[in-house]
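Coming up is one lone chain in structure tokens, specifically the form predicted on its own.
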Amino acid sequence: MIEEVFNVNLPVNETLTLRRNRFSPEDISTSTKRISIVTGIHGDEIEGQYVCYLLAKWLNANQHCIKGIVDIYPSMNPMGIDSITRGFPFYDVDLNRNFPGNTADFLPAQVANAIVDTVRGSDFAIDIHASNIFLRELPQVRISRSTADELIPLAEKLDIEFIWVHDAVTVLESTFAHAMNSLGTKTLVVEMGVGMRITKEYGQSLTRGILNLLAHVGIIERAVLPMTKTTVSNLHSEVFFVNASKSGIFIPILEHNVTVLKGEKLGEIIDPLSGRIEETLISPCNGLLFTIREYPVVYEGSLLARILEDPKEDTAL
């Protein structure tokens, strides 16, 4: 059932509306489990749109399998999506830095408050993001170290390649995921793909993972699929960042989602005018290359790659 969960009048007779599609069994009780699938908080990250479509398509075709409540929110920042803008248009702020929001504050904070109110009470939530236009990300779940013990077992059910456990920092306290985890909703953040694009294979893979998670927690009646990926995390290893020390055009040699060796060449920064190689980028460790630069123009300090260290290989050296 498609329904409005929030609307507010805008200038010139326009309205900002948030909608969800709710799938539920005929009989709902206080013990009925509920999950919210959220995306579109950043308007230039549209990988989640395809996931919402695939999930809604499956639920429409398999309503007899639904044992709990599945709420799908494909567009939490509709004006951002319409204008291909990461932030909240006209206010130049990041919606995901304004949670839990406030009804007495400016419009982005009112929207953040409405999102928290409508998702509040869910047992689980998945917040789907993409990278920006500059980087391509391997599908990954990002979890704060403070919630790792509780959330890693859930994240593993998504059959996803990489779980990034990070230390909590102040800015994360104003995100949707932090707000919902603080309210008791077990919330996973998925990051994948690249900004302003849809990577079909990633969307299909994540949809299968979500259905697998729903089966595990009893929200749908469906056979639990065997895990097809070896999920790794950085709980006992380090994430290395590779940054440019020169400006120019970055030409990658490797695709992401490959294992690299310490000292292996990742790519080059070239100067089209002189025909020279300005810098050769080398892997600082053995490990998984899970982020690679997508947009070729780079400046000093630009992030080019991220590598999850393989601690076993490092020890062997």
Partner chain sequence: MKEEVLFEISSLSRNPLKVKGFRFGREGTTPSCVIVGPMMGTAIDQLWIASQLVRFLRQHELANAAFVKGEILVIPTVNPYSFNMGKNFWPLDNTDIDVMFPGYDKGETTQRIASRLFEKTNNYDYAILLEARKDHVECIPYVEVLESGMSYIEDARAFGLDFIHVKEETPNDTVSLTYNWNVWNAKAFSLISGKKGILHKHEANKVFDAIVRFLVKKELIDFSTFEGSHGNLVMPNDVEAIKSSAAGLFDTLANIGDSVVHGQPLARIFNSLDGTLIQTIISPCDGIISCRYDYSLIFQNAIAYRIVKVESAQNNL
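Positions refer to the first chain, counted from 1. Under this definition, the rigid core comprises the largest set of C-alpha atoms superposing within 1.5 Å between the forms. All figures in this text were calculated on a predicted structure; none of them were measured in a lab.
This next part talks about the form predicted together with its partner chain, which is not shown.
Trainee: Among D117, D105, E221, D123, which has any heavy atom within 4.5 Å of its partner chain in the model of the complex?
Mentor: Looking at D117, D105, E221, D123 one by one, just D105 meets the 4.5 Å heavy-atom criterion.
Trainee: How about D92 - does it come within 4.5 Å of its partner chain in the model of the complex, if we only consider non-hydrogen atoms?
Mentor: Answer yes; at least one heavy atom of D92 falls within 4.5 Å of its partner chain in the model of the complex.
Trainee: Taking heavy atoms and a 4.5 Å cut-off, does S302 contact its partner chain in the model of the complex?
Mentor: Result yes; S302 sits at the interface with its partner chain in the model of the complex.
Trainee: Please tell me whether any heavy atom belonging to V5 falls inside 4.5 Å of a heavy atom of its partner chain, as the geometry stands in the model of the complex.
Mentor: Looking in the model of the complex, residue contacts with its partner chain do not include V5, since no heavy atom lies within 4.5 Å.
Trainee: If we define contact as a non-hydrogen atom of the residue within 4.5 angstroms of the partner, is A56 a contact of its partner chain in the model of the complex?
Mentor: No, A56 is distant from the partner.
Trainee: Looking at heavy atoms inside 4.5 Å, which stretch does its partner chain contact in the model of the complex, given the options 154-162, 221-229, 136-144, 242-250?
Mentor: The contacting stretch is 242-250.
Trainee: With the partner left out here, which residues of 10-27 have a non-hydrogen atom within 4.5 Å of its partner chain in the model of the complex?
Mentor: If the 4.5 Å heavy-atom criterion is applied to its partner chain in the model of the complex, 10-27 yields L10, P11, V12, N13.
Trainee: Honestly, after the rigid core fit, is Q63 moving at least 2 Å at Cα between this form and the one not shown?
Mentor: No, the C-alpha moves less than 2 Å.
Trainee: Using a superposition on the rigid core, decide whether the Cα position of I28 changes by 2 angstroms or more between this form and the one not shown.
Mentor: The answer is no; the displacement is under 2 Å.
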